[in-house]
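Heads up, the chain below is alone and in the form predicted alone; it's given as structure tokens.
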């Protein structure tokens, strides 16, 4: 069963890329929807039943293997559901694109390799799928084949390959202390064998975390995100920000909690430096977003900031902050996908790409702008939206953290300042959009079609729903942290 949500989308994606008969028919949409829907169903069956599978023994101790534990269940369920919703949105958005089959082909292949990453049972399997995520998602950035798209794709590739090789360097170093490299909550390396080379191993772990931080947009290697998003189609931007960037978060969690162990890292320079970089990235992304006029690029800088909220949470090594971090993984995916979908709808309907052009847009596209406004409030963290819950856990987790010195007090301050900046770069679009001022002629309404609006409405509703009903998800995350799931 573990193979179904991995290989079904990949096979269907290859069919879309290679079949000429599907190019001018609605069969491509049916195949995309059906494979994504089956992936969702199979992922939820796996969530209930679990599973483990060894595919190939590379050496006596190292293998390519899959396993569904608590963390993989959360990430795979989130990935599959978001992929289906954004896919439905993409049907109308990409309808006039001559290369839409190529887009949907790589869109499905990316889904398969991401779920493969989520189900990785050891560091070698994770590295394999981590590299495949880059290769499968690269054509989504490159899609338009414009000069800007090619440049952005090359930048994305170079950054991602560097990050992956940094991760591989760490894996090779750690293989001397954990022959199987299997993921085990609490860490699988033999700490007693590290004593003589402790600083070397710490350096290897830091390089590893910095490498995986590339996908997550961690400073100083965040440059690909604001370059790639503006040139990619809106559905690609949505999943790049909401899901693909979380591959770096997932790999970092596996490294910290399942490979090395928090006991080995707690109180070290690695933890302090990692937390400091995360907080600096939170502020940097927020400030850059505040001054950016390109709509999608503003949202991209916002992603740089918001994902580092998650990295900060997982770097504090306590249950409350970890809960806040995983909650923000889910909530940010829901919110940011909806925001990018709104931006895409506006650009497609009006041709406006700059924030300064959006005066009165709420009069022309009221439903889309209400989705944008609700999700903006959630990203800021206004109760009772979901963003408030995750940021509450992150702040309280920081204040109760041990062995991080003054960072426990600086952290909540930085998160609050970032929230104020988030309000400063998101809400003026709403106010100018709905209240353009006297004498302003907004023009005719140009609301997008139902297939575009419904996915946005679902995600906007979810951003509020999880703010009110999140106890079940919190229970799952608590069980993951304790090892009960």
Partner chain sequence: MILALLIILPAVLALTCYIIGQRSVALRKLIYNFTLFAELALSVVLLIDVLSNGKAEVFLPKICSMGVGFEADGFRAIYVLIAAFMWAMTGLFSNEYFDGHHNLNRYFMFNLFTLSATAGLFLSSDLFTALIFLELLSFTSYVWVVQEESNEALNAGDTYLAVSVIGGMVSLLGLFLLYTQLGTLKIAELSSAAASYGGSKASLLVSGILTAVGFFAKAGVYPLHIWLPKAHPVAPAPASALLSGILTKAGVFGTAVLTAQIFVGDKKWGYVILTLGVITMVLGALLALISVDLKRTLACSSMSQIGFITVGIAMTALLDADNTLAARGVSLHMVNHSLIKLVLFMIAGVVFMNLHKLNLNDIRGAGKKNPLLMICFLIGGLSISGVPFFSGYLSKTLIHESIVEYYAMNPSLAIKAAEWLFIISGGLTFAYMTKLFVCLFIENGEGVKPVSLNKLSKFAIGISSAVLFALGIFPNFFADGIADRMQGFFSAYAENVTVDCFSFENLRGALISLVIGALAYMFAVRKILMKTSSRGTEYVDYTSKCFDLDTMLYRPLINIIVGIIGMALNLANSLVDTVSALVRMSALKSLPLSSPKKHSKFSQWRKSMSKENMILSSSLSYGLVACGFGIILMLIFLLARA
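Since the model is a prediction, treat every value here as computed from it, not as a measurement. Numbering follows the first chain given and starts at 1.
If you look for the form predicted in complex with its partner chain, you will not find it shown, but the lines that follow are about it.
Novice: In the model of the complex, does each residue in the set 51, 121 and 267 place a non-hydrogen atom within 4.5 angstroms of its partner chain?
Specialist: Verified in the model of the complex; spot residues all out of contact, no.
Novice: Using a 4.5 Å heavy atom cut-off, which stretch among 405-413, 206-214, 268-276, 236-244 contacts its partner chain in the model of the complex?
Specialist: Selected stretch: 405-413.
Novice: Of 427, 457, 37, 45, which residue is found within 4.5 angstroms of its partner chain in the model of the complex when only non-hydrogen atoms are counted?
Specialist: Of the candidates 427, 457, 37, 45, 427 is the one lying within 4.5 Å of its partner chain in the model of the complex.
Novice: Which pick from 185, 150, 347, 194 sits with a heavy atom within 4.5 Å of its partner chain in the model of the complex?
Specialist: None of the others qualify; the residue that does is 150.
Novice: May I ask you to check whether residue 351 falls inside a 4.5 Å heavy atom distance of its partner chain in the model of the complex?
Specialist: Taking the distances in the model of the complex, the answer for residue 351 is no, it never comes within 4.5 Å of its partner chain.
Novice: Counting only non-hydrogen atoms and a 4.5 angstroms cut-off, does residue 59 reach its partner chain in the model of the complex?
Specialist: Although its partner chain is absent here, residue 59 would touch it in the model of the complex, with heavy atoms inside 4.5 Å.
Novice: Is there a heavy atom of residue 98 no more than 4.5 Å from a heavy atom of its partner chain in the model of the complex?
Specialist: Looking in the model of the complex, residue contacts with its partner chain include residue 98, since a heavy atom lies within 4.5 Å.
Novice: Residue-level contact is defined here as any heavy atom of the residue lying within 4.5 Å of its partner chain in the model of the complex; does residue 395 satisfy this criterion?
Specialist: Output for residue 395 is yes: heavy atoms within 4.5 Å of its partner chain.
Novice: Pull the contact list for 283-308: residues with a heavy atom within 4.5 Å of its partner chain in the model of the complex, in sequence order.
Specialist: Counting only heavy atoms within 4.5 Å of its partner chain in the model of the complex, the contacting residues of 283-308 are 283, 284, 287, 288, 290, 291, 301.
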